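Quick setup: one chain, the form predicted alone, written in structure tokens, and binding and motion questions come after.
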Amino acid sequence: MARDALVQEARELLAAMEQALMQIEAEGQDAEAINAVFRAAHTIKGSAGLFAFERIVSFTHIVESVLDRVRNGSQPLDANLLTLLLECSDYIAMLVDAIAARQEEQEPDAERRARLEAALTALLGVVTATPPPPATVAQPQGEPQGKVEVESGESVSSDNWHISLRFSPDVLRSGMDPLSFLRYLGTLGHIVHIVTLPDALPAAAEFDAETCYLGFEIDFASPVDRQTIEGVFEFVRDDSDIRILPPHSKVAEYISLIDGLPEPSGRLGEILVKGGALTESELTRVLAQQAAEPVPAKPLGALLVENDVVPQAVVAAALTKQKQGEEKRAQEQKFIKVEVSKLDALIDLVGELVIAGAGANVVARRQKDVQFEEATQALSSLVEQIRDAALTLRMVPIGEVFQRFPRVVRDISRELGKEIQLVVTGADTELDKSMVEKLSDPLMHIVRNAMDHGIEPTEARTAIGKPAAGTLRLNAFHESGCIVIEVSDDGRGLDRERILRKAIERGLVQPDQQLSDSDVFRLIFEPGFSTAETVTNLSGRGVGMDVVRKNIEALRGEVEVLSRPAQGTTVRIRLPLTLAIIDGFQVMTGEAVFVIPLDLVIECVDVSSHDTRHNILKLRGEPLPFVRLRELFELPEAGEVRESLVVVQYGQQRAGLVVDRLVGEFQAVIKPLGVLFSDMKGISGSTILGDGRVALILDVPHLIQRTARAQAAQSWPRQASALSDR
């Protein structure tokens, strides 16, 4: 369980690390983004160290060392280093995958690791050889006390070293006593002031006597240099968080220290004392002054600045830290992490509750007891609310999938030598968590195809008047109870005639067969179908798009292609919002009960009152193709019945389903079909009715396509003309 949590946390941190690196590449260096990358590497190393996963600890330690130098300005972060850090992020992901597979003792790729470590070590070696920055040199005696001009023109007052210590929680288990380091430090000078930080102490019942929970903020007076002070903590330096500020440090360094405090932010005075910008005695004096002022008293920060105790910039940084702490606490109260398996179990139980509720309704109707019926109806209403609330727990933004594509587009565009920009919209659109995980591979295939075959090389684009950089768009939105995901490019578009020739060569269509554009474009999803003249590392073997269609259909979705020559191509994926429970509409044909997803039902009409011919009904002057469920599923004739037609719509297409009887709305808990029924067309699942019978859930997208194809095969224009003449 703990291993799973570590793996999940590491993957989330790696995603954040990659996102921050991509942000730096796109927008330039940003201190917060660099800190985010460092924190991600540091946290991964620390968590892995708790479980003694040495391979990831040792590799991440080198990455962290380079990032630390980037953070303090010793190492420039150029394009080459960005690429190296992204590669390191990939390798850490491989190490995390090895932990997930319980193969942490095996090196995923020793050659790759050696190459990356050599590159990182070379950077560290070059930097080590450079002189230390001037800020680490102690000021000579005789300088004016506590008054050093800084870039902002403000000054600081401390002429002591400030040491911020956070020992590793495992320092005691490693056989080392934190107090011994402090005693040794005292032999090198005078500990002027020390604050013990108990913020990490747990409740007494959770206290572990072998864990170090305390942190220390120390003001230290000594003539020794920084290297000597760092040497005091040599044996715990790798696993601990140690920050040292020399005397008369710049305001910016105090601000950085305050920003980096690991404890949750508290009051302004506490933050400034922890950061070494204020002593306890100074704080006490200013608080007394504040208490003596008439109500309303001036804020503490204003008094500190007025009394020249703390510079304005440091107070501002402390206030920002305080605000971040408040926001973090609010965020922590807003979200909790729950295992997916627990949510799945909850959804399953809610599904059983829905079925049991339907059973109670059936019994109530048979009993013809008014009070019993009212009670079951009230219960059904509550169950419906519980169902909706439970389903929203598994809804997550599709941005979880989209966030990996900036890196993919960056790498592939470089590999292809093309300029391609990515535009992402609708990342907040939500869908079921289980579908998010299964969408990644299909989208990856589509994006790679668009970049490889869709978008033209830069020279070709400029030659025909297009912008040099191609554009790839990822978009998502809700429509008619479904989620629609689009991958669009502004490239050359699909070659209709070429696809058709290839399909005729392979015998997929007949030479004299008339096909619409959508039918022709749908051929690219046939197994092994490709019009590419050359096979590249990315595509051309005719495998990817076949996988796309299979994966999307497995999610009860559909995929279509829209394309225009020289203008680009859009691959549109349409998926149901959830795979668990739906609002359904019950219909019957003979004794068989079918369920139609309610979101797809437009209206119901009486067939006998309309003109029908060749499975086409004239509805308000418009032709509507339909299919009789009795004929489709080869059900026995039931004699004279008054047929009804249910008009359904999926996307922009409509069709009719002719049934014997309309039953009504129904909450359907979707049960998957067994392997024996996996190839059955027109059925997407099953559900259990309140009386215990099994009903089949109709695959409306497939049925609509079936009627459309049948309509085209019957040469619709001639039939429509015949109908209009009647």
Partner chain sequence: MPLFATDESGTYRLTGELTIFYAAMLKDELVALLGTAKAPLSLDLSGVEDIDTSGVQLLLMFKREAARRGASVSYSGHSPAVLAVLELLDLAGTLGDPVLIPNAVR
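Residue numbers count along the first chain shown, from 1. So that the term is clear: the rigid core is the largest set of C-alpha atoms that superpose within 1.5 Å between two forms. These figures come from a predicted structure and were not determined experimentally.
There is also a form predicted in complex with the partner chain; it is not shown, and the following applies to it.
Using a 4.5 Å heavy atom cutoff, 177, 207 and 210 all lie near the partner chain in the predicted complex.
Although the partner is absent from this view, residue 400 stays clear of the partner chain in the predicted complex, with no non-hydrogen atom inside 4.5 angstroms. Within this chain, residue 183 lines the site of the partner chain in the predicted complex, having a heavy atom no more than 4.5 Å away. Using a 4.5 angstroms limit between non-hydrogen atoms, residue 336 is distant from the partner chain in the predicted complex. Of the heavy atoms in residue 216, some are within 4.5 Å of the partner chain in the predicted complex. You can rule out all but one of 431 to 439, 471 to 479, 360 to 368, 189 to 197: in the predicted complex, only 189 to 197 has residues with a heavy atom within 4.5 Å of the partner chain.
Though the partner chain is absent from this view, in the predicted complex it lies within 4.5 Å of a heavy atom of just one residue from 172, 84, 386, 547, which is 172.
For the options 76, 467, 507, 202, the one in contact with the partner chain in the predicted complex, meaning a heavy atom within 4.5 Å, is 202.
Residue 473 shows a C-alpha shift below 2 Å between this form and the one not shown [criterion: core-superposed Cα displacement of 2 Å].
Remark: with the core as the superposition reference, the CA shift of residue 193 between this form and the one not shown reaches 2 Å or more. In a rigid-core overlay of the protein, residue 641 has its C-alpha displaced by under 2 Å between this form and the one not shown.
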